[in-house]
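One chain comes next, on its own, written out as C-alpha cells in the form predicted on its own.
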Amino acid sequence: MKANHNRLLVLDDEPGICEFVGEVAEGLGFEVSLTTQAAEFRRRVSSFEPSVVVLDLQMPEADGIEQLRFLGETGCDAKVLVVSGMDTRVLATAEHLGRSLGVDMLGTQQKPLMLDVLEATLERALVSQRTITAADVRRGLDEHEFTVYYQPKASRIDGRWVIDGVEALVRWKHPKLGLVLPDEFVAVAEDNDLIAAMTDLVFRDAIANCASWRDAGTPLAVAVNFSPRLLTDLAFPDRLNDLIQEFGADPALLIVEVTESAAMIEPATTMDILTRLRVKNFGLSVDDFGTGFSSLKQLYRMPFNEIKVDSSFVREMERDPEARTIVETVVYLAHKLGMTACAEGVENENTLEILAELRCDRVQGYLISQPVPADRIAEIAASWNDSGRTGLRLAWSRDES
C-alpha cells in the first residue's frame, strides 16, 4: 500500500513544464513522478498508481488523446488534468472525450500554465489521509479550536466589481494536524449530532463580525452555510434573531445559504423555516445551483433572493461552451425570478470578464481572495476596491437585464 495517497504523474514533452507542475504539486503534499516519454508514462500508470495525472495533448510519440483512451481502457481511477497550447475548443472536446471514455476528468488548462489556477486545481484533487472521529470533533468544540475564516465576494456596482460581502467558512485549528478544512469534519459533525453546536459557533462569529465591520465603516453582507440536518429545526429563525439582537447587527446583512438539494428534502418544513427567515429580513441564497434535481416549480415557491451558480460550471465556461450556456441561463433565470446571481469559483480575469458580459451580479473565488481570518478582510476589501476592477469597459445595471 502506498504511504502517500496523493500521487501525481506528469506526461509532457517539455521538461520545464514537468518540473514546474511537479514543484507546485510537491508544495501541496503530492508525491510526484515526471516523464517526457509516452511509453514510460504507461508503465508508471501501473507501477506508480497515480491519484492525479497531468497530461499534455501534443506528444511526439503517442498524443494525449491516445493516452486518454489508454487510461479509460485500463480502468485508471486517477483524476486527469489535460494541458495544451491548443485552442480552448480542442481542450473542451478532449475533456468531453475523456469523460465518454470513463476517465475522471479534473479539467483542462491552456498553456502557458498559470501558477494560481494550477495550484487551485490540484488542491481540489487532494485526498485526505487522516481519519477524523466524532470524539475528535467533540473535543475540538469543547476546546474552542474551531474558528471562522471569510472569503470576500464582489458585486457589480456602477461598472466595477466591488467587495461588499463575505462568506463565512469554518476551519479547525487542530493542535497536531494544523489547519483542517470542512471536507474532513463537517460530515462527521452531521452524523454525530454535533453540527448544531458548530453552526451556532459560525453564526455567532459571523454576526459579531458583521456588526463590527459595519461599526468600523465597512458594512459587509455575511453569508453562512446552513446544514441540511438543521432544516427541520423550527426554532432556528428565533435563535438567529436573538443573536442579531444581542450584537445589534442588521439582519439584512446576513445571508443564509442552503444547497439546492437540501432545500427539497422536506419542502413544507423548509418553506416554513425559510419564509420566517425572510419575514425577519434575513437574506436567503440557494447554493450549488444546477447540481441538484429539484423541481423548478418547488424552487420558485421558496423565498430565496439569491442563486449561487456552482463553481464546476464557472471554472469550465472559458473553454466549454455548454458550461457557459448553463451559467448564462442560471443568471437569466435568477433575474427573471427577481433574484441576484452569484458565481462561485472565479479564478482568473477572463472568467471575471465573461461574468460581467453575462450580467452576473456577484462573484466569489480565489481571484478575489482565498478565505482569510476576519482581521484581514477590511485590508483586502480596501485594496481590491481601490484597484477599480471593471471586467468590462461598459457599465451596466440590473435594470438593463
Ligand code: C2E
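Start at 1 and count along the sequence shown; that's the residue number. Source: prediction; values computed, not measured.
Heads up, the form predicted in complex with the ligand isn't pictured, but that's what we're talking about next.
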{"property": "Joint contact, 21, 119 and 130 to the ligand in the predicted bound form, by non-hydrogen atom at 4.5 Å", "result": "no"}
{"property": "Partner contact for residue 332 in the predicted bound form: the ligand, 4.5 angstroms, heavy atom", "result": "no"}
{"property": "Residue contact check: residue 171 to the ligand in the predicted bound form, 4.5 Å heavy atom", "result": "yes"}
{"property": "Exercise: residue 70 in contact with the ligand in the predicted bound form, heavy atom 4.5 Å", "result": "no"}
{"property": "In the predicted bound form, residue 315 touching the ligand (heavy atom, 4.5 Å)", "result": "yes"}
{"property": "In the predicted bound form, the residue from 238, 87, 215, 183 that sits within 4.5 Å of the ligand by heavy atoms", "result": "183"}
{"property": "Contact residue in the predicted bound form, chosen from 302, 188, 284, 202 - any heavy atom within 4.5 Å of the ligand", "result": "202"}
{"property": "Option from 365-373, 53-61, 332-340, 349-357 whose residues, in the predicted bound form, bring a heavy atom within 4.5 Å of the ligand", "result": "365-373"}
